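Only one chain comes next, encoded as structure tokens, the form predicted on its own.
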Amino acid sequence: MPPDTILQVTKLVKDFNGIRAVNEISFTLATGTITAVIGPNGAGKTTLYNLISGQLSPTSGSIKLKGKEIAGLLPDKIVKAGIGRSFQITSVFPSLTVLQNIRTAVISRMGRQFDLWQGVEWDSPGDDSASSPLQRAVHEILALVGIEHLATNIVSTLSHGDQALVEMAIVLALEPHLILLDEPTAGMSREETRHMVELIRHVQRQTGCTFLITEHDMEVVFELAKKIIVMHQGVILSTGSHEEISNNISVRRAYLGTDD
């Protein structure tokens, strides 16, 4: 594996009752890059994500993160290994504040879920005296995502776009090396979509995280990803740059049903 490779997927296969959803897929991701996986509905994108994040175990094949095999590990082990994931349907704690959501993730990452001797009931985002590692970490995540002004808001009262920002903050609080984003702009207005694109770029620059995204908005894909992987019927149809994918006849046939 090249030294700059963070993820190596080799001949990955997933069968469901005789149906092959992922068929010997192989690809690599370079550290600090943004790559997109695209394809029509039923192409196998979600299955691929579920295999990488541990929601599913592969029938066969290999998934290596920084050279270490992670295929078949449980999701919590994969999170600890350094992979974070957001879902198309936003996954947050709706009855908690934004700050409490992020704090919960930081506590989990610090391994303090069951530490009864450390106080964590801290809810003032503007408290300059907040100096514990927990408090500093939460402040840093709020600032990184730009949601300090939402810190005391109950998440269920936020717009869909703001809830997506909270989910991104939760993922970042786990300090992943690789972030999987599943339709990060789904259901967003044009303004919210623009903000999410800018946030992904900002986070990538500030943290050096590697991103793997699935996205139906091709403008978002072409704007963010230097490398695009096209899936169709469980296999990789093509891999390349924006220009290479746009000019690929096989991709146009699979995606649009036309050569034009």
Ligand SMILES: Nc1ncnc2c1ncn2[C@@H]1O[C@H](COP(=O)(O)OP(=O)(O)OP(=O)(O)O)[C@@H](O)[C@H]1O
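Heads up: residue numbers just count along the shown sequence, starting at 1. Remember, it's a predicted structure, so these values are computed and weren't measured experimentally.
The protein also exists as the form predicted in complex with the named molecule; that form is not presented, and the subsequent description refers to it.
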P58, heavy atom within 4.5 angstroms of the named molecule in the model of the complex: no
Taking the shortest heavy atom distance, is P40 within 4.5 Å of the named molecule in the model of the complex? yes
Please determine whether T210 contacts the named molecule in the model of the complex, using a 4.5 Å cut-off between heavy atoms. no
Check whether A21 has any heavy atom within 4.5 Å of a heavy atom of the named molecule in the model of the complex, and answer yes or no. yes
Contact residue in the model of the complex, chosen from H216, R194, K226, K68 - any heavy atom within 4.5 Å of the named molecule: H216
Which residue, T46, T28, T33, S53, is the contact with the named molecule in the model of the complex, using a 4.5 Å heavy atom cutoff? T46
Any residue of 158-184 with a heavy atom within 4.5 Å of the named molecule in the model of the complex counts; write them all down in order. E183
